[in-house]
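Two forms, one chain: they're shown below as structure tokens, one block per form, named structure 1 and structure 2.
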Structure 1
Amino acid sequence: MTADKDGMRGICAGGSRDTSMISIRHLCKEYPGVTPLRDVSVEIKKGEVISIIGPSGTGKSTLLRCINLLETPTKGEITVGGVVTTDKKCKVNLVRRKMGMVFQSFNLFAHKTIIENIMMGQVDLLLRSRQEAYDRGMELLRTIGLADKALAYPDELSGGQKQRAAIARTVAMEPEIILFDEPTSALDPTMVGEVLSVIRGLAGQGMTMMIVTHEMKFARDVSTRIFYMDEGGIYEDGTPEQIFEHPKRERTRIFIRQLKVLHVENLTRGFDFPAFMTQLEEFGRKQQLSQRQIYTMQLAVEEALMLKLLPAAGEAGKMDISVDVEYSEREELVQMRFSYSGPSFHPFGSEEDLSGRMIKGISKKMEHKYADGVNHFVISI
């Protein structure tokens, strides 16, 4: 597998339209009772390494399987290298030959040795001689440190070795793009690293890849682009830096920071205060927060919401007050995020205010921002 020089030049020039390898338009995939993909439109360019991340059941694997035509899209169009693959007259096998797929469960033939597994496709589909196929196979096995396993059967290999061999088999077919469907999810944690390093090596050689993964650090390091999938589509699409450091959208931020969230909206004067206190306590207990953290959350709601925001809303009319309680286990941080409309208003604007002194004294930080007619008041605990 060698990097296509023309292709690389195209990428360096900023990825003009003619470098588009896969083009997806209004892709929809429905199953009875569930629609993992509602409306996906995206372009994938040569040389891109795209990690697809997101919660379970958000269509990540379905997207890959639609691209590879392992699933028939319900609606929409997919073009691969200028060929419309969703067209009924399309020769699926020819298109599939351009695309390799690596599965969670390796899918090696158990009754064939590792080298035979790698040779088969080359001989049957690429029409290489057995010698050529063997030589190429051994070359690949050597690069991933499995040359001594060439004559072993898959069952004699560890999970990590099996997956590396499966990747070698895919690469031997000289695909233009490789689709990885959770390649490390079935592995013992100690074997994840060896498989990721093989994928990392391919990225270094300029291979175009789409990788569905839950390995966030890997996705961040190896990718040129990240798709965060949620709500039936590509919810946010950006560079690793954009997605991991500065996600623009709410659900991306919650996923990336692994936040546990309690959301309460439409708060008005008549809201059930004791019930909210109970809800906060239950949320805190579930996340194993300390009694002091729970106390501070409750105090923040009482002092900021009950004593300041709701009375202010009473005077100024409706303020659309909502509260998000977000807990990041990794950062050991609770944030109470109050959002409300109306003019700019800091609940504890006055220095002498007793409520403000309390919250300032027992919280880590208070911040008030006002943008586009919406107040954002955040108490960090």
Structure 2
Amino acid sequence: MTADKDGMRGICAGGSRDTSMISIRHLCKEYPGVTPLRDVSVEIKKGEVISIIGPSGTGKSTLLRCINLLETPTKGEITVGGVVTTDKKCKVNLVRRKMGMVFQSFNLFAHKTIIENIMMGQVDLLLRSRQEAYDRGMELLRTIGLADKALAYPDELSGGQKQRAAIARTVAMEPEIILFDEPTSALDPTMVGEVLSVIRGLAGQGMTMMIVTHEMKFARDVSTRIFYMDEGGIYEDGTPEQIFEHPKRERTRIFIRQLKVLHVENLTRGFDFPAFMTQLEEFGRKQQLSQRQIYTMQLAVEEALMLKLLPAAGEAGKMDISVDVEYSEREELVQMRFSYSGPSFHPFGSEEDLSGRMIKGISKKMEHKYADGVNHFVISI
């Protein structure tokens, strides 16, 4: 960087000596008819990796854009590295050099090669020579496995490769903080892992990061801290274990349970089977299950529901059937619970049944219970 920290403190009037990397006090952001951020106050320390989760429309991306002043806060104060960035006299472009931002849409220059994209900011803003910028760019591309794409144009890369290149461009600017705004949301599911791997590597190097993400397993694995956003602010703030295993507040508990459980009820012979298969696949990908585990879940539904329970419901009259799919990250176990009314009925009661043998072969455990007129058939995968 071209300016040291003491120099940066002089950029804005009112610069403080706060020890936090980022300090936010009473931040509010209003738009016509909606207020995504009502009163946010929080401190972020050097080296913290913070994942920001929550339902859509709860201000997650707005928070990042306010920190980087891509959105102007309506009220409140933001301090970055001791600099009050919300002060009207602040030279925002100089402060932004301390923060890198990675967007979901990559934002690479289509008319320049990948290495040129990475070199531009280094030459124009860090005043490095073209050779220095090239050497640093190639070093980063080798680290992320894209050295052979240095002379390619963005349109010649996959979505995952474009996002890795965008991250390399950000890291080349040597920021003290990187903000990630849903970096995998525009990617095909098969490409998500390669991008998350790069971010995980940055976390391992002690980089201060804030990540808006819907990848919950990644958030739990990589973060030192989780912000769950709801009701116009940071509704709950805690460690990954606290938020995912022992949330203290009601909305957090509801959100986390919905992440871990797929519930479908009132299944009949005419239900949309292909749509349910798609739901299973999406659920599995959110939990970062392997393709084999997803296929096993789909096979279990096909064998248990389509070949056994729905035909039995048709023969015996009305049978209320529901399915709950629950994933336990701690035990790395998927449980599929089929609940249905009527007399006691084990769908795979016969040892000679081919479907039963298939289910037994793909599952860790299979059990049937009957109580109060309701059957519970559980497959553990």
Partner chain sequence: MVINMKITKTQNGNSLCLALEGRLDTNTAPELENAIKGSIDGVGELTIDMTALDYLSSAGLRVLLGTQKIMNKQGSMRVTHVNDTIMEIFEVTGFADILTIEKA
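Between two forms, the rigid core is the largest collection of C-alphas that superpose within 1.5 Å. This is a predicted model, so every value here is computed, not measured. Counting starts at 1 and follows the sequence of structure 1.
Here the form predicted in complex with its partner chain appears as structure 1, and structure 2 shows the other form of the same chain. With the core held fixed between structure 1 and structure 2, Q122 has its Cα displaced by under 2 Å. Shown in the overlay between structure 1 and structure 2, fitted on the rigid core, is a CA shift at P183 smaller than 2 Å. The rotation of the smaller rigid part against the larger one between structure 1 and structure 2 comes to 83 degrees. On core superposition, L259 has its C-alpha offset by 7.0 angstrom between structure 1 and structure 2.
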